[in-house]
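Structure 1 and structure 2 below are two forms of the same protein chain, each written out on its own as structure tokens.
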Structure 1
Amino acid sequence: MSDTPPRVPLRDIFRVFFTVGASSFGGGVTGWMHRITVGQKGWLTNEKFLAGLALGQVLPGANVSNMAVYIGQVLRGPLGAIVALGAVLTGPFFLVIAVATLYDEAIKIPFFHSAMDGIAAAAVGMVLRMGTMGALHGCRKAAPAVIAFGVFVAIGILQWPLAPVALVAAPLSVALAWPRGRRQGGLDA
């Protein structure tokens, strides 16, 4: 696949992001975005998607909104970013209003809680799939694998606070990934 994304019609961007936003419950939206934009549509390479995911996670705001803006921007520029963000937020906006008005009645339905548990489990599965793919892609060399494992141990097992771990791991990761030697064109890195 070419590193240059295809010029996707705005209606297709709207349709995909509206569908993702309106039918993603309990998280997993970013996983579904990956599945559609990389796997099914081929709009982005895995590398481009993961770069956007990393950017979206360090910027303020919800990851799903950041990813919609990023993907829309990559596919169609500022207008694509606006369309993708509007689409991913439109469905949930109206759905939440509808559910909020019906919530008191919905929780009385016997299978409602089981259905919500099932939806949440599917969302966790999608996030795990995307995380596994990202880890396999990003940890092909020893240094990123060691850093990822170290962050997992520090946060997941030792329960250290995220901020100090990130303040140590992020610069270390950047330093280890920084290009060395000669670049094309003869410039020193």
Structure 2
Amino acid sequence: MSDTPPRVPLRDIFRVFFTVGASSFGGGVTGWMHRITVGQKGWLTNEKFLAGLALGQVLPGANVSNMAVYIGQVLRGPLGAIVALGAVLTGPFFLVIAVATLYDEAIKIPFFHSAMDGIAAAAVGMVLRMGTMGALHGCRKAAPAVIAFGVFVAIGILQWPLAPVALVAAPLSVALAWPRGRRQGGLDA
């Protein structure tokens, strides 16, 4: 297929994923990735990003590294995936060891925990923004909206384990989204 997006230089992939990885305090990293790669750089569409995010969450591995591999692969194939993965992990690798070395001192810094809590809250803001954009794009009809809400309640509120919820919700959702030859007895029957 020839709908390939413009070739993104490996250097740019490295720069973006290194920055995101090294500054991903307090979670919400995928929100930041979404903001830069979809919103600011326009490297991939919202739909493509969300599909990758769902794949990355269903497959084993950290969301951050799986998203780096997925986006890198979309942009530049396996080489892009290797560069993005290496870039997103290099910063945290050294920083986590640095923090471990300095931890006993760091927790004595005034307001350290409050600053961390604030960073986490702001990072959640990015996650909320990503979820809202996704909902506006992909959940306008009844069936996807019900699926999204159901997954949210099962995982977020009831704290059911991910694997069984995903194994039920994903095939159901895909079946409902099938363009033609849909089986009878759907939700909108």
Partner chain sequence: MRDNPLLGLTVIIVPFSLLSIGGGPSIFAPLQREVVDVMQWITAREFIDLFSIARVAPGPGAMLTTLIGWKVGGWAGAIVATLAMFLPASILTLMVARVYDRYRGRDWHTALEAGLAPVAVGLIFAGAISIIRLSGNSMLTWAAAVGAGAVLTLRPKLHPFVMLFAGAALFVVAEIAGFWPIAAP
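No experiment lies behind these values; they were computed from the predicted model shown. Rigid core: the largest C-alpha set superposing within 1.5 Å between the two forms. Here, residue number means position along structure 1's sequence, counting from 1.
- Matching each structure to its source, the form predicted in complex with its partner chain turns out to be structure 2.
- With the core superposed, residue 42 shows a C-alpha displacement below 2 Å between structure 1 and structure 2.
- CA movement of residue 153 between structure 1 and structure 2 equals 3.8 Å, with the two forms superposed on the rigid core.
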